[in-house]
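A lone chain, given as structure tokens: the form predicted alone.
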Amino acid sequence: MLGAPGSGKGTQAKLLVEKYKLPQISTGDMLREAVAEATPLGRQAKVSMDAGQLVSDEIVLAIIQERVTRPDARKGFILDGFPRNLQQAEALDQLLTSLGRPLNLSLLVAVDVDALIQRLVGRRTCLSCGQMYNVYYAPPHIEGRCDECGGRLRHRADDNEETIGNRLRVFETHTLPVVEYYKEHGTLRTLQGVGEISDIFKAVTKVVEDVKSNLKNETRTDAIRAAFAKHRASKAEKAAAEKKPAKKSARKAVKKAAAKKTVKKKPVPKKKVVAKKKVAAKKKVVAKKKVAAKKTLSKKPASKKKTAAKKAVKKTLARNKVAPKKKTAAKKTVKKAAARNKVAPKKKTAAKKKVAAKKTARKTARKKR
């Protein structure tokens, strides 16, 4: 809920809580509650509040995170009084997105400045139940008492013209950029907060219902798309399981078929096709010519001169082969001769010895005689 002080956004937030049973998250109320209960975050906030300083955004965001994760906020929640500046808006978006709970609607209650001053000056708040009244156009039945619970009504000290003027200037400088931020993100809806509270609430509920129906349609279409995608995937899995190609070649064929279905083949340019055909034709002609040349060479008889030359070469080769044999025979005869020559001297010496032995035998015979 967005709006200037006194725009009535708090009143409309309470009516929304009653109708849709959603918790209203007011950062001021939560801080006071945390301080009263002395929670860890409450103790940190109390230090800043006692020092007269603003509570840091980190503490406020931590309190919001703790609140929106409670069971009563599962169906949704209403933020009132936060964010107050652009930095808080960006930090809040990051937090809620990380929690999976992004804002679906940013509702601006727009009111004229003069009407705002009148509302704030005449505003009265019940101390017991928080019900709000205005002494000018929505007064209680009993002055100073709440119609709902009979509690005492309070007039806030800061509800005076000087303080209200300052608060409106702060709203213009800090909160209007937040309005532009949500406008850019497409979640902002604006309605006039002038007239009877019930009439304003009718306009508020109409906006809320429109946003709810849009969200339902979006989720429905998303669910239908997811269901179709799941059906297609299961169908493809079944088909693959039925086929189950054992060989790698069969698997490759299946993959190629799937790729052909998903990816359209680019048409080959005509020029490339013609060029490929010409190259193939040239190759065929060259191959035919080579085959014909081989056949003609095998058929042509050799000329007489060539055959004579071949015979002469064969004869020379035969001679060369025979010559070594003759040489080896000559070598053998030489060796035999040498062997004979070696043997002859031995025989001569043996003969000489025999002759000498005969001579010596004769001489000895003579002497004996």
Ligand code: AMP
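Residues carry their position along the shown sequence, with the first being 1. In this text, all values refer to a predicted model and were calculated from it rather than measured experimentally.
Keep in mind the form predicted in complex with adenosine monophosphate (AMP) is missing from the figure; the text below concerns it.
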task = Decide if the three candidate residues Lys183, Val211 and Asn214 all line adenosine monophosphate (AMP) in the predicted complex, where lining means a heavy atom within 4.5 Å.
result = no
message = Although the partner isn't part of this model, could you tell me whether Gln44 comes within 4.5 Å of adenosine monophosphate (AMP) in the predicted complex, counting any heavy atom of the residue?
response = no
message = My question is simply whether Gln88 lines the interface with adenosine monophosphate (AMP) in the predicted complex - judged by any non-hydrogen atom within 4.5 Å.
response = yes
key: Ala38, heavy atom within 4.5 angstroms of adenosine monophosphate (AMP) in the predicted complex   = no
task = Please check if Gln53 has a heavy atom lying within 4.5 Å of any heavy atom of adenosine monophosphate (AMP) in the predicted complex.
result = yes
inquiry  = By the heavy atom within 4.5 Å rule, which residue out of Gly122, Pro139, Gly81, Pro177 makes contact with adenosine monophosphate (AMP) in the predicted complex?
reply    = Gly81
note = If we test each of Asp72, Asp158, Asp199, Glu143 for a heavy atom within 4.5 Å of adenosine monophosphate (AMP) in the predicted complex, the one that passes is Asp158
query = In sequence order, which positions of 10-33 have a non-hydrogen atom within 4.5 Å of adenosine monophosphate (AMP) in the predicted complex?
reply = Thr27, Gly28, Leu31, Arg32
request  = Regarding Leu96 and Gln44, go with closer or farther for their CA spacing in the predicted complex versus this form, the difference being 3 Å or more.
outcome  = farther
task = Over in the other structure, so in the predicted complex, do Leu96 and Leu41 pull closer or drift farther apart at the C-alpha level? The difference is 3 angstroms or more.
result = farther
